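In the form predicted on its own, a lone chain appears below as structure tokens.
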């Protein structure tokens, strides 16, 4: 690069702003000169979408608390941030992006960091394409604000139907229960599909113990409405009254504006950049609009998480400006919790499921071990279940899942570290872990679980 390089970033959240700031820092070190413009169709930037359900529940006082860096702070750092600017097309030959307002903006390097909006199915929408009153997803700060208003207006005796039982669905159910509302959770499968059946069943039991109705294998087919207001949800031959409906059935990469560019997209419509963020000559991508490489089986997976977005965005920005940082992939680690009505459950997983391990080149052996989060005689001791899968031939650890009380969930990070280094189930069993009775038994439950699988190999 010589002279001043025009960098246009499409998307102003985790990946896009991480890339923009890192590019400017690296450019200062490498002696390059960048003009960085960031375009985003929304009104907010650099906020924690993952924190929105906890704002809805009352754990976070304000949506402002979820904002890591304001638009003005980005601009003060030298970034030309333009909110309310939707990009609708790209010309790779002309090196321009087109906005909904008819503007053509030229670039030398294009960064795609458009994220993944919530999927809102047709049954949730009016004829004009907007959701019915009382219906919506949980994805943006505007969504969070709307749900707080809806919860406040609903009043005593109101009933919320949550469609979807992934992490966001469970967190939304928690929020509604803690606000004193009735809750039904509908899922077209068994819920938490990234967990094994026996582990997801533990989550369903906690939801039911908290007072929520959980209906499995329920494919929603439509809503009942009175005018523009939702009154019920239908699936099969069944129906539930509903004052509010949370749509939590997943997200989809925002890559439609790339139509006609010839850039390859995956089956789910995601980009597949290399570790530095490169997609093509002059085109880079990071964040929830991308798939990531899973190190365990060298496969591409769509895992829209802020952790990946920030790391990949930083590597992209550094590489774009002449650095060498690389995003080395993931081992598929995630965590959440359910805490409502005297129920508390931490839910975490890393690595492969049994189905994924069986579909690959592995010969998997798995086992679930029950224990406690602290020494059994301590008041902190809560039940925990650890599921472990390993390869019979190589003894390589392939995956771990954790469902249990306080202190259970972050044990998954120990397993993630072993997976990162392609370690064995024996490595996990022999690790030198911290011990004191308030935190674990002399043999931590995750090590007992690993040892029991090792004994079966």
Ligand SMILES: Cc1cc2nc3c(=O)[nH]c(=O)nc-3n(C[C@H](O)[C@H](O)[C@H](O)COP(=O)(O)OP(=O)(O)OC[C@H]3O[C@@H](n4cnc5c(N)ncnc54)[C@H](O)[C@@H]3O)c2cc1C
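Worth saying up front: this structure is predicted, and the values here are computed from it rather than measured. Numbering follows the first chain given and starts at 1.
The same protein also has a form predicted together with the named molecule, omitted here; what follows describes it.
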Query raised in the report: the named molecule in the model of the complex: within 4.5 Å of a heavy atom of each of 11, 14 and 168?
Result: yes
Query raised in the report: Out of the stretches listed (323-331, 145-153, 80-88, 237-245), which one is close to the named molecule in the model of the complex, meaning heavy atoms within 4.5 Å?
Result: 80-88
Report summary line: the named molecule in the model of the complex has a heavy atom of only one listed residue within 4.5 Å, and of 110, 271, 116, 183 that residue is 116
Query raised in the report: Can you pick the one in 371, 134, 364, 304 that has a heavy atom within 4.5 Å of the named molecule in the model of the complex?
Result: 304
Query raised in the report: Is the gap between residue 138 and the named molecule in the model of the complex 4.5 Å or less for some heavy atom pair?
Result: yes
Query - Touches the named molecule in the model of the complex: residue 123 (any heavy atom, 4.5 Å) - result: no
Query - residue 42 within 4.5 Å of the named molecule in the model of the complex, heavy atoms - result: yes
Report task. Using a 4.5 Å heavy atom cut-off, state whether residue 254 contacts the named molecule in the model of the complex. Result -> yes
